[in-house]
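Next up: just one chain, as structure tokens, the form predicted on its own.
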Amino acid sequence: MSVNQYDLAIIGGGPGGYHAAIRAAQYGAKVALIEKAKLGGTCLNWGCIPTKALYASAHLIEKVKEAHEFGVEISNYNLNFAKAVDRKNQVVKELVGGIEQLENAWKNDVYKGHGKIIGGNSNDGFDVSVEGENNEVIKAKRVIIATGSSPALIPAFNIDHERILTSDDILHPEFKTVPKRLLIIGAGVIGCEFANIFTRFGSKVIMLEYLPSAIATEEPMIVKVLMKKFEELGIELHTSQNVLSVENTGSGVKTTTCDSSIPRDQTDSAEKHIFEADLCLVSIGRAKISKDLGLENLGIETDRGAIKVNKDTLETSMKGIYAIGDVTGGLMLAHVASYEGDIAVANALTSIGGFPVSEMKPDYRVVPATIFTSPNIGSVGYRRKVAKDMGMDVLMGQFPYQSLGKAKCMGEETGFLAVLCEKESHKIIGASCIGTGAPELIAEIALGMQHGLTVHDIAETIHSHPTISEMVLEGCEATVGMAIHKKGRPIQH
């Protein structure tokens, strides 16, 4: 029986894998894409997209409640959560279908099943088994592993997928009941996004965080604005909490904690705190999916489940096999996985030869990050404390939404944009924003940083008025005391 031959086999059809498959096809490669579930991976099916679909429903509730301020009287509105979930499911279905059509349009062969590298080398090609409805083996000159990650299952938390849930559980297509009380363990990005959504849907939300602050990687002043908003919404946040146990009581959940500063060997005698709710969402991290891929037989090195790669090529310790995205343990962001897909494809095809592409090296200096709470949060580059700790002399300019005409017209006056630049060169090195459209505003700054622009380069670019994008203009001007609609420091030459 003949074996299908490919230039490139990609294991995992998430934002890294499906993106890499299309990119490789654009260069003329014959591609096999292997996915055991649905194309789009965690991001599309269990993460980024479904949460944003629910966020859209939650945000609409927020705007309806504020409608009277705009002269629009709305009464007798209710949340039909089941319908909101159905809409979320439809959004996901349509996007998955779109990816399927794109892979087909580029003539990529999509295999449904579990991919595993069972042998071979970079000279003769690799044998990859696909365990699924039709068990088969294919052969590829190069392989990219893009298997991603899944919610971390901490034994002490007794995740039973009934009352003690992961983000996958709460985004399940059939999860259609809003809990009266929701306990969220972890006040990072995932926890804060779900807290915002379910509070808008009517849940009483209680959050427990091990660290002294929520979303601790963000600028403290950004966190302060979000925490004030959470307080207004009635979200309870308890920081410095070490969760000792989580129990399904049959009718609800009970969580026991102590102060996180107490050493582990002294927690038995420490003062305990009890928190109860109907459901508990555990959002404290993700585990890399690297088991049963054939790594051990090939001698591919891992570190606590993360596949180790060459930082310049993304190649594993086995020549001809590459790894991208969450499974490598790097920046666990969908857009980073897609970016790494470009890098791995370029290097894999260059090593084969005969394709119109050259070797590429990854560059992680400018990676934007977003948090879809209300208000939104966007950031890129250095935070001020990190820059100062590195010995950098910096200037920071802030511009508030309440000073922007378009934001005031929209009733979106909460938040600000802070831009960070080097004091001597005025080159932009970072920015943080909380407010409407923050992720989109950060995109302009990321572009400027990628190309080494100064705050003056941005300020000298005409921005349309009235727009939210003027936040970037005035934020950059504020770093050197030149913002028009805010009185600040004297001009910094």
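All of these numbers come straight from a predicted model, not from anything done at the bench. Start at 1 and count along the sequence shown; that's the residue number.
Form predicted together with a small molecule: not shown, discussed below.
Three-residue candidate spot Phe157, Glu209 and Thr370; every residue lies within 4.5 angstroms of the small molecule in the predicted bound form by at least one non-hydrogen atom.
Contact with the small molecule in the predicted bound form, defined as any heavy atom within 4.5 Å, is confined among 237-245, 338-346, 412-420, 71-79 to 237-245. Checked against the small molecule in the predicted bound form, the residues Gly188, Pro362, Gly113, Gly252 give one hit for a heavy atom within 4.5 Å, which is Gly188.
When you look in the predicted bound form, the only residue of Ile164, Ile170, Ile284, Val85 with a non-hydrogen atom within 4.5 Å of the small molecule is Ile284. Contact annotation for Glu193: at least one heavy atom lies within 4.5 Å of the small molecule in the predicted bound form. Interface residue remark: Val137 is not counted as part of the site for the small molecule in the predicted bound form, having no heavy atom within 4.5 Å. Heavy atoms of Leu333 reach within 4.5 Å of the small molecule in the predicted bound form, making it an interface residue.
Within 4.5 Å of any heavy atom of the small molecule in the predicted bound form lies no heavy atom of His59.
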